[in-house]
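Only one chain is given next, in structure tokens, and it is the form predicted alone.
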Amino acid sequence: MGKRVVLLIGTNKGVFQYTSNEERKEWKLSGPFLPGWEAYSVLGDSRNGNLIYAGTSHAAYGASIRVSDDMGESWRQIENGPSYSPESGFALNRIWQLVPGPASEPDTLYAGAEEAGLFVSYDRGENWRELKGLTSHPTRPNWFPGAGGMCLHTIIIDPGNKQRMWVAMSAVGVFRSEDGGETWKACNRGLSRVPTGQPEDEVGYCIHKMVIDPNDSNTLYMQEHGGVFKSSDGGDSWFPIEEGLTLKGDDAPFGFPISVSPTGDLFLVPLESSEQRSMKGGKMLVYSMRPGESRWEPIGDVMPDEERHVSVLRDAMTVDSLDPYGLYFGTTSGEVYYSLDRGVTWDRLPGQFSRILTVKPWIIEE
């Protein structure tokens, strides 16, 4: 039995996909699918056939979830998708994240939304309900958006305990649940606060992206607006891990994505600063921290002969599950790069898209 490797690309003008075999040397590009739609989240799901889910939004039609059962050739909108009640006063602006439920629940999906909220489906995405324990948290009146809005962009389920999960939200912070999402605890001690004008020190932390260690579910890593942090106690406390990241004056390390490989390698794409938000000096450098090390090192110059004054968004860097693993990222100028040697050397995939919002791998058993 072989494997088909699919790389789903969500942009602000539709969805694209690359397809390859396990070697990942030759790639076929197809799309655009859902042309003209923003796709902030995509998910390839083989638990019940091969389904592609997309969190779509459009200035005229609002936010929705769409699904394809023929590899993107046709799509239908989920009729009973995520929505807030009129009484809540919350607006559903975008679907920022789609993730599968625990391995023992093949029909379960979770969705993270803007305004920040968490939704669950127990029937393969056909019907969704809000997990109101999060949006009824006592700190909710003090949640305020930052410059990029207030989105729930990270959903992590403990691989060893399906009742334990984390979410991360921009301009709000990290929350953990121990009962499958019914109740939540704020987990932001040690992080850098972002001025949002609210007085509650339990929230107000601008998380850009968060990942879980593949070998220890008490260990989490994050790229935050004010630096790079690690937690060794499931998010109860955080401390900076920034040695090796070049700083300018009092600036904190700045960037959006953070990724972790199946072997525990961490990856960042640092940017110049919060104000500039582009590659330092146009050098497209990828930084890594290997397992057991405490220092970040620049391990890959993606375009050594050419400057790229671009950025990589929070959900646009990812790692697949193969051995050796593939590392991928898409830029705000619509280019996709990948590495098969732990980020040391890079190739560019064919095609030029509009702003890349998300990149997700999908391994299909054949």
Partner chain sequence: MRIQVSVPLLLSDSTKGRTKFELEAETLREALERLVEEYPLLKVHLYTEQGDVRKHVLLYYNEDNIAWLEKLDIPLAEGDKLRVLQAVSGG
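Numbering follows the first chain given and starts at 1. Computed from a prediction, not measured in an experiment: that's the story for all the values here.
The protein also exists as the form predicted in complex with its partner chain; that form is not presented, and the subsequent description refers to it.
Interface residue in the predicted complex among 303, 63, 322, 299, criterion: non-hydrogen atom within 4.5 angstroms of its partner chain: After the contact test, the surviving option is 63.
Review point. Can you pick the one in 271, 134, 194, 92 that has a heavy atom within 4.5 Å of its partner chain in the predicted complex?
Key: Of the listed residues, the single hit is 92.
_Options 39-47, 304-312, 331-339, 53-61; stretch whose heavy atom lies within 4.5 Å of its partner chain in the predicted complex_ = Heavy-atom contact with the partner occurs in 53-61.
Wondering, does residue 85 line up within 4.5 Å of its partner chain in the predicted complex on heavy atoms? Residue 85: contacts its partner chain in the predicted complex.
Q: Check whether residue 275 has any heavy atom within 4.5 Å of a heavy atom of its partner chain in the predicted complex, and answer yes or no.
A: Heavy-atom contact with its partner chain at 4.5 Å: absent for residue 275.
Taking any heavy atom pair closer than or equal to 4.5 Å as contact, tell me whether residue 79 reaches its partner chain in the predicted complex.
Looking in the predicted complex, residue contacts with its partner chain include residue 79, since a heavy atom lies within 4.5 Å.
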